[in-house]
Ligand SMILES: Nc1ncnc2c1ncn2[C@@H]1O[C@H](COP(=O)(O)OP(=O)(O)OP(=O)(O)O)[C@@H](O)[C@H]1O
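In the block that follows, a single chain appears as structure tokens, in the form predicted on its own.
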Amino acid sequence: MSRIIVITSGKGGVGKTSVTANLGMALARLGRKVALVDADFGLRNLDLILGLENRVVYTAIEVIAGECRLEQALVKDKRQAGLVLLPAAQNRNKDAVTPTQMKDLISNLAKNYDYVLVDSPAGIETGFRNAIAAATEALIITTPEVAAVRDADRVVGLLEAHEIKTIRLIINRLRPEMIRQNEMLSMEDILDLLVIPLIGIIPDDERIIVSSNRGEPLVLDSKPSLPGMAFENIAKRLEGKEEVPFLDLMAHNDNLINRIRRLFKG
């Protein structure tokens, strides 16, 4: 049975699209069939993050209008078998699609995939309602900022009102050194405020920005990295491997600082 998961936040700029791209790729690398849906009509970016922008011919709008078949609009990722993208239209606004149309579209898509990950636009208006229409699960993305956490809390309430009961949290762009200096909310602070299960922590890392600009999801990088490992671990936990440990980012940061100190002492 397919799992339809909306990836949302309320606040813009917290990294939903990069999480969607990397998590989708990580699940496909585990052998799952994964469809990624860009629900941000008018401002699509998921195709850019995946490096598939030049291969988009049809979008969800043409499928809904009956101008093409669903299979024709799906862009297959040649780097990873089992991963496809259903792009949004750039020349339409969010009001061009209704929640009922999105629900029917995603339900049809889900028949052939193990996972459907829906990249929700920022805000809680029409685009958000479209993105959650077919979802049975949700991943809330927040950064360690008060505004982002407050918006995430608002979205949790809206998801529960929509009867989406399986809601889990991903904390993105965590900076251990700022936490240590009390300049950033800690993981414990965020969990106390949101009171939903944590499924992943992703450190702030410039390699995520570089990979996004290149259209190469970080999990494809042959060089191991903490954020790449974090995405892979989230995928494993979604697969039911709850025993997968969380990365101890504070310890990794301490090791780096200690190496630098030893270098200078030497």
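One rule holds for the numbers: they count along the sequence shown, beginning at 1. All of these numbers come straight from a predicted model, not from anything done at the bench.
Form predicted in complex with the ligand: not shown, discussed below.
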Asp47, heavy atom within 4.5 angstroms of the ligand in the model of the complex: no
4.5 angstroms heavy atom contact with the ligand in the model of the complex for Val57: no
Any non-hydrogen atom of Asn233 within 4.5 angstroms of the ligand in the model of the complex: no
4.5 Å heavy atom contact, Ala65 and the ligand in the model of the complex: no
Segment assignment from 195-203, 24-32, 234-242, 66-74: heavy atom within 4.5 Å of the ligand in the model of the complex: 195-203
Within 4.5 Å of the ligand in the model of the complex, all of Arg3, Asn112 and Thr136 (non-hydrogen atom): no
Residues within stretch 173-195 having a non-hydrogen atom within 4.5 Å of the ligand in the model of the complex: Arg173
